[in-house]
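Next comes just one chain, in structure tokens: the form predicted alone.
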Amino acid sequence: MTVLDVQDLTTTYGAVRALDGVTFTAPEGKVTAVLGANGAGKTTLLRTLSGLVPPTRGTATLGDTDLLSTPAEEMTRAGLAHVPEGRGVIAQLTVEENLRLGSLGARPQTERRFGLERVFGLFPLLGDRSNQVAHTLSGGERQMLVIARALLAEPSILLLDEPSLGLAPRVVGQIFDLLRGLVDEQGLTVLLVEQNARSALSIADVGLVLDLGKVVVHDDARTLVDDSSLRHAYLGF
């Protein structure tokens, strides 16, 4: 089943087409990795879908919701959670206070998948540090915190922008294992923008490769890994 359906999405910055007719679908309960070189349009794709950048044309629907006509401040209630690059915690608040902010815009549901106790079960380290001020956390701990905070909004789809940026390989492995577990065990749908193509494809089900704002490949992740000419041309390994 498709959660996100994007058709002919085009976004421009002046004369520059950052996205040029992007078309793809993201299947439910899967990781779709968005890959490509710097400047390929990966971050612009997430920012357009989450209402931060207006598109020039195209459509994007999340279930029955037209994302392109939904104000950015209403995206959480529509079922979209966006974790931008940069691990944006509120440094002066505790871990628990940061997390409670995530549930403020959550969609009303009879049964919630991600209550605070459930999140602490998924991220035990955050439970251990629940009263700790966020600015004292390591980079990896902050990344876990922003992902956990996004989950408390009960998203249909989680948009993640460069979660591995600036982190040690061991920490990247931990975070990607957590993401894969959330998909497999909780049925979460993830759209993952990642510069580290090798790591992203190791947990992805589907790969989407952008080049100069255009989709050049949209295929099973394993197919991308096994295609050496494609990897060399677009993914750098």
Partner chain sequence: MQQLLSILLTGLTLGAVYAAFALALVMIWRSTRIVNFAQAPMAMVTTYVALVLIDAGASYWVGFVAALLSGFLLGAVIERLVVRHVEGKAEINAVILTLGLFIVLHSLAAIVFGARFRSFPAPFGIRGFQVGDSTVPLTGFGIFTLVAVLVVMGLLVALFRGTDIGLRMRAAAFGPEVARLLGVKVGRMLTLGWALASVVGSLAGILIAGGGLVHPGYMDSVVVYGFVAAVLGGLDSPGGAVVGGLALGLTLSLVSGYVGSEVVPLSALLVLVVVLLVRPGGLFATVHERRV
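Numbering follows the first chain given and starts at 1. Treat the numbers as computed from the prediction; the structure is a model and nothing was measured.
FYI, the form predicted together with its partner chain isn't displayed, but the following is about it.
Out of the listed residues 50, 44, 196, 32, 50 is the one that sits within 4.5 Å of its partner chain in the model of the complex by at least one heavy atom. None of the heavy atoms of residue 79 is located within 4.5 Å of its partner chain in the model of the complex. Taking the partner from elsewhere, residue 88 is found to have a heavy atom lying within 4.5 Å of its partner chain in the model of the complex. Using a 4.5 angstroms threshold between heavy atoms, residue 117 stays clear of its partner chain in the model of the complex.
The shortest heavy atom separation between residue 122 and its partner chain in the model of the complex exceeds 4.5 Å. Residues placing heavy atoms within 4.5 Å of its partner chain in the model of the complex fall in a single listed stretch, namely 89-97, out of 136-144, 160-168, 89-97, 123-131. Residues of 149-163 that come within 4.5 Å of its partner chain in the model of the complex, judged by any heavy atom, reduce to 149 alone.
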